[in-house]
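Take a look at this single chain in structure tokens; it is the form predicted alone.
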Amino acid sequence: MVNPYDKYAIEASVQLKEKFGGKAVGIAMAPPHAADALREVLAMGVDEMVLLSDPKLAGSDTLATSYALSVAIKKVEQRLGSVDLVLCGIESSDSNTGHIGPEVGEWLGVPSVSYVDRILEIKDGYAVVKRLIEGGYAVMKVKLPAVFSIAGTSYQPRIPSLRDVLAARRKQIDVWNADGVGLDPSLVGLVGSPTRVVKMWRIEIRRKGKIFTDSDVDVAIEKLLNELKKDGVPLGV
């Protein structure tokens, strides 16, 4: 099945294509049998679908996977011209690391923004995006090309019509292997990967909950300020 989080990125790409023109190309790294599931991506409105599949890629961690995808993106550039935007799902539904988008940006040498709620504007070589942060959001202006990881908030994935599904069945899915793309075998796969996953865990954010009391309000404030200084919190200018 298509990773549910990726469908938000697919929807965002199709909406951008409908508004600005251009072409939406999907790239997936998966075993050969994934081709059937990827027809859903074509039915949603993506113009072309590439399946990067090779036994040499088996066991790749997120660093190796992002490297392989970045090389595939460069091959798409060679064939179609410059890629303005790379859109990724925020994370996978199995390991939930959220690594791929930022790592692809690093491999490509372009800016990356994660937790993108909505792409507000694209103009004069820049994109303005609304990015989710703890307790609210931030609006950022980013130079293109760039990589955005799309959060599942503003882009509701469309349900393809029967006509779109039937049309997708007639489209070809290009299957690329490691040698054809030009991957460095020392950077992919379970054996060749430069990193090894030892352990994964979710970061916990806990508030310290310190309470400062004193009969003298000024003394209580001074205690608070001293504690903030110890924690490295900048206090004014």
Partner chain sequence: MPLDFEFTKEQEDIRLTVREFAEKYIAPKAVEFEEKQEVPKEITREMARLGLFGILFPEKYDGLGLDPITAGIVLEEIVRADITFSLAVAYLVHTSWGYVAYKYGSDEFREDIIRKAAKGDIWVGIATTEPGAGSDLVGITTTAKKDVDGYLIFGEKAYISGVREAREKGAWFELGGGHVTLAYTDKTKQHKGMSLFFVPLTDPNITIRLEKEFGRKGWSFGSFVLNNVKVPETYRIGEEGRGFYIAMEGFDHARAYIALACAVGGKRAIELAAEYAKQRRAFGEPVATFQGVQFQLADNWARLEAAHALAYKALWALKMEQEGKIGRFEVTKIAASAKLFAVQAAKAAIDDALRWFGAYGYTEENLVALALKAVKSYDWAEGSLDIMRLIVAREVLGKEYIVRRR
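For clarity, every value in this text was computed on a predicted model and none was experimentally measured. Numbering follows the first chain given and starts at 1.
Form predicted together with the partner chain: not shown, discussed below.
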Touches the partner chain in the predicted complex: Asp61 (any heavy atom, 4.5 Å): no
May I ask you to state whether Leu120 is within 4.5 Å of the partner chain in the predicted complex, using heavy atom distances? no
Might Gln78 be said to contact the partner chain in the predicted complex, defining contact as any heavy atom within 4.5 Å? no
The partner chain contact at Leu144 in the predicted complex, heavy atom, 4.5 Å: no
The partner chain isn't shown here, but in the predicted complex, which of 207-215, 35-43, 50-58, 63-71 has heavy atoms within 4.5 Å of it? 35-43
Can you tell me which bits of 143-159 touch the partner chain in the predicted complex, meaning any heavy atom within 4.5 Å? Gln156, Pro157, Ile159
